[in-house]
Structures are given as structure tokens and as C-alpha cells.
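One chain comes next, on its own, written out as C-alpha cells in the form predicted on its own.
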């Protein structure tokens, strides 16, 4: 590998890690109760003023929320990169293809008909139902992909499936109880405010497993990017590889939807930002870069969502769409120019 490329990769990784650390400090420090970095350091690493209001704010609210934003942002970005590799389309993503809407539908079913409330549903059950919803939705998209090879048509089909899932969800909400309606409406807007150490533990396990498996299949992904024929000539079992790719994509996007609601544009925009930073599309390089970049993106978006109109908090999807949509528009314009 070129020495200059290695230096570039290392510098980008270092900068992204620094930005994650900076975002963590800003998120923990910023809010209605302001704390100095020195006091934050003492509370986190030295157990200073244990049990105090400041300590509880950091340990029970801000720290788990920031770490949740980092993990879920990274997971959503990697999920988007896997989908873009799978469909060989730069604007494929969990939100665009209706996968997030499918996960939302099944979580709504679990809350309304099984658990009765958010507090009555366990984190593992949330992930399971969201995973099933993502998998079934992606299954329909794949079924239609056998009928058409036009990726633009396939994306439109994915959007329509997303609308159908949203319509079914809205229909169920219409006849749900008032507390269900309030909870689902708030959740569907997207937020990291429900984070806790209990949910963070589940998120960490699922996301770590998904990220590890994604890195393991990075070499077959590299070959797959050059075409199915080339991948087959390299001895790759295409059916098994596609199944693994679909499962990982569904699992990562489902985890995000289960704990933070549907979040738009992160899965499309961030992988491309990572490619631009790295000047590469190699999966072994882009997967960790996308994860780190997605973490930075969502942590800063969450900071803005909490502080711009404080004490009113914006939906995280509103902020990510504001910054992510221009990236997607520029990608579509660039793709159009390349075809001409």
C-alpha cells in the first residue's frame, strides 16, 4: 500500500477520534447545568461528589446519551455503506429503502399489542422486533430487485414500501391509547433522550458484533464491488455473502431504529463523506472510518438538537436531515452529470 495513503488514513482516524473526544466533552458539559471540564474529569475518573446533582446529571443522563449517539450514529453509517455496496447505488440507505419504516412498524406492534408501553418492553425485544421489521422490508426490496435491474426504480419501490409501512403504523396509532400515541409520536421523531446504561449495554453488544462481522467480510466486499462475476471467480459464495450482508444491514439499522427512532440521511451521507476524507472506497478502510465519522456526525447533531432552541429539544432526524440532505442532493447531481 502507498505510504502516503497510510499516512492519510492514520491522520483521518486520529482527527475523527479527537472530534469524538471533543464532542463527548461538549455534550457532557453543555446543558441547563454547566460544568467545567476539570469538574467533569474529577466526577468521571475520580468519583468526585458522588451522589450529587452534578454527578447524577453526568452519569445518568449526559454520558449514556452521548455514548448512545456515538454508537448508533456509527452503526447507521456502516449500515448505509453495506447497503450501498449491496445495491451498488450511492444513494441507497436504511431510510430511503424503507428499512427504518419497517423496523418502526414492528416496534409499534410490539409496544401497542404486546408490551402495552415503552417501559413494558425489554431492550432485547425492541431489537428483535425492529430486526424482524427491517429484514422483512429488505426482503420485499430484494424480491423486487429480481424483477428490475434499474436501481432508480428499485429506490422508488423502497420509498413506496416505506410509505406503506408508515401508513400501517399511522393506522394503528389512530386506534391506540393516548399514552401509546404520545410515546410513539415522540419516539418516531427520533431522539437519543431515552438512553440509559441498561440500553447502552445492549446497543454495545449488538453494534460491536455487527461492526466486527462487517470488518471480517471486508475482503469479499472489496471483490463484490468489482462485480458478481469477479467475486465468483475469487471463490466467493455470492448467495451466502449477500445473506450475511443483508443480515448485518438489518441488524445495525434495526438497533438504531429500536433505541432512537428513524433517523434520516446519516446512512446515505456519512459513508460518502468518509470516502471523500479517505479518498478510497476499500471496505477495510471505509467501514471503521464510516463508523467514526457517523459517531462524530450524530454526536454534534445531538448537541445542536439539545441546545439551539433550549429548553425545547429538536428531533434528531430534523438536524441530521438539515446537514445530510445537501450531501445527498450533491451526490444525485454529480451522478446525473457522470451519466451525461
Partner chain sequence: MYFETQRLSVGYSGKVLVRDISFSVDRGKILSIIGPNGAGKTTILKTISRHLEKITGTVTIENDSIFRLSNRELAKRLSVMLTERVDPELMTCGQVVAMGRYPYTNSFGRLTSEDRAIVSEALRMVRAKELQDIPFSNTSDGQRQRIMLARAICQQPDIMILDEPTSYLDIRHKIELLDILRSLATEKKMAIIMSLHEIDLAAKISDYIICVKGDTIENCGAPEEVFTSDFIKSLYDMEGGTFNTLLGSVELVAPQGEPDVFVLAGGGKGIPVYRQLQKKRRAFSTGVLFENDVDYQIASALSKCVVSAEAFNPVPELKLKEAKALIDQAQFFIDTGVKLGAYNEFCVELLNYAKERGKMILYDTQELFSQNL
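Because the structure is a prediction, the values reported are computed rather than measured. Positions refer to the first chain, counted from 1.
Not on display, but discussed next: the form predicted in complex with the partner chain.
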Interface residue in the predicted complex among 216, 243, 208, 167, criterion: non-hydrogen atom within 4.5 angstroms of the partner chain | 216
Tell me, which of 113, 230, 124, 163 has a heavy atom within 4.5 angstroms of the partner chain in the predicted complex?
-> 230
Does the partner chain come within 4.5 Å of any heavy atom of residue 139 in the predicted complex?
-> no
Does residue 237 make contact with the partner chain in the predicted complex, using a 4.5 Å heavy atom cut-off?
-> yes
Just to confirm, residue 225 within 4.5 Å of the partner chain in the predicted complex by heavy atoms?
-> yes
Is residue 33 close to the partner chain in the predicted complex, meaning a heavy atom pair under 4.5 Å apart or at it?
-> no
Non-hydrogen atom within 4.5 angstroms of the partner chain in the predicted complex for each of 2, 275 and 281 | yes
Option from 208 to 216, 71 to 79, 98 to 106, 167 to 175 whose residues, in the predicted complex, bring a heavy atom within 4.5 Å of the partner chain | 208 to 216
